[in-house]
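Next up: just one chain, as structure tokens, the form predicted alone.
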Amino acid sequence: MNTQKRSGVSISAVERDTGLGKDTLRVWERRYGFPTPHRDAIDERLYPPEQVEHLRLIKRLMDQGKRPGALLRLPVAELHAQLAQLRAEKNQTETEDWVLPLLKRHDVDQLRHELAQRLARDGLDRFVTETVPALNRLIGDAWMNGDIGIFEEHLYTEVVQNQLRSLIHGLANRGKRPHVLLTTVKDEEHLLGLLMAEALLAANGAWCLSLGAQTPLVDIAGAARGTTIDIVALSFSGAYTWRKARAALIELRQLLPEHTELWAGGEALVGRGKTIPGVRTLERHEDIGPALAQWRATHETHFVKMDATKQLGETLRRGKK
């Protein structure tokens, strides 16, 4: 009998640390043979620290669009090499030169100025799809490594969110289709991903209505029914589990009017490779523009007829006066 005491990290702690859901970890264990946790005295999983670090690397590469099936077959050295290559491609070294020192000095004014400069330099699409995600990864890594405190991470998030809100305000496109309702569900507090999506939707001509964070499903459905909403868009951060996200989407799909589309995106849905009936999953912010173009192509005839009917009605009313 082996009496050696096993040590490691619980599956709940791994989920919080890496953003990978418990169900995902169990499926990978069965399907790919990794991770390989120990078992404690009551048969609960314990993950060695080196495996937790390995999982962090996999999750960071998944966030860049890499597929987990391929990543799980690679050694740690190769994962580090791929991450270094992605950082080089996204000019993350240049980013490090300014954002962390500003945060450590708590220089909010200069941080706002630098962000505004990069927005002007990169343009909206690149700023939202490349610059902000690169900053988010850097800040996340810095917090995880202990280089910045949690309040500094919150400071960064608030400044970027305010920058995006200002950007969205200047892009208001009232009356343009589609009309999109944006929010997050209960227990999903993270707004940054939602604001990034709203900025891209507005930039591509959609009219957006945001309810902010943590809206009950019944209220989301009620808002969609009581307005001219064409699409409900939800965001799920990496801190939200796939199982809970899937359950919320299935329930909301049943509550929404049949003609209202349901779109979902965010880190919690990246790399799942699974479809939910009646839900359009957008794994990257870059997918928003093409998805809108497809929506308009599908609904163009319907709205042309609506506009023609409206114009005819106005003509007839004028004729009676």
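Note that residue numbering begins at 1 and tracks the sequence as displayed. Note that the structure is a prediction, hence the values are computed from the model and not measured.
One more form of this protein, predicted in complex with another copy of the chain, exists but is not displayed; see below.
Mapping the unseen interface onto this chain, Asp122 falls outside it, with no heavy atom inside 4.5 Å of another copy of the chain in the predicted bound form. Though the partner is left out of this view, Ala248 does reach within 4.5 Å of another copy of the chain in the predicted bound form, counting heavy atoms only. Though the partner is left out of this view, Pro101 does not reach within 4.5 Å of another copy of the chain in the predicted bound form, counting heavy atoms only. At least one heavy atom of Thr215 is located within 4.5 Å of another copy of the chain in the predicted bound form. Taking Ala203, Leu181, Leu192, Leu72 one by one, only a single residue has any non-hydrogen atom within 4.5 Å of another copy of the chain in the predicted bound form, and it is Leu181. Checked against another copy of the chain in the predicted bound form, the residues Ala142, Leu171, Ala134, Leu155 give one hit for a heavy atom within 4.5 Å, which is Leu155. For the stretch 150-168, the set of residues having any non-hydrogen atom within 4.5 angstroms of another copy of the chain in the predicted bound form comprises Ile150, Phe151, His154, Leu155, Glu158, Asn162, Arg165, Ser166, in sequence order. Annotation: Gly21/Trp263 CA-CA distance longer in the predicted bound form than in the displayed model, change of at least 3 Å. In the predicted bound form, the CA atoms of Ala13 and Pro216 come closer by at least 3 angstroms compared with the shown structure.
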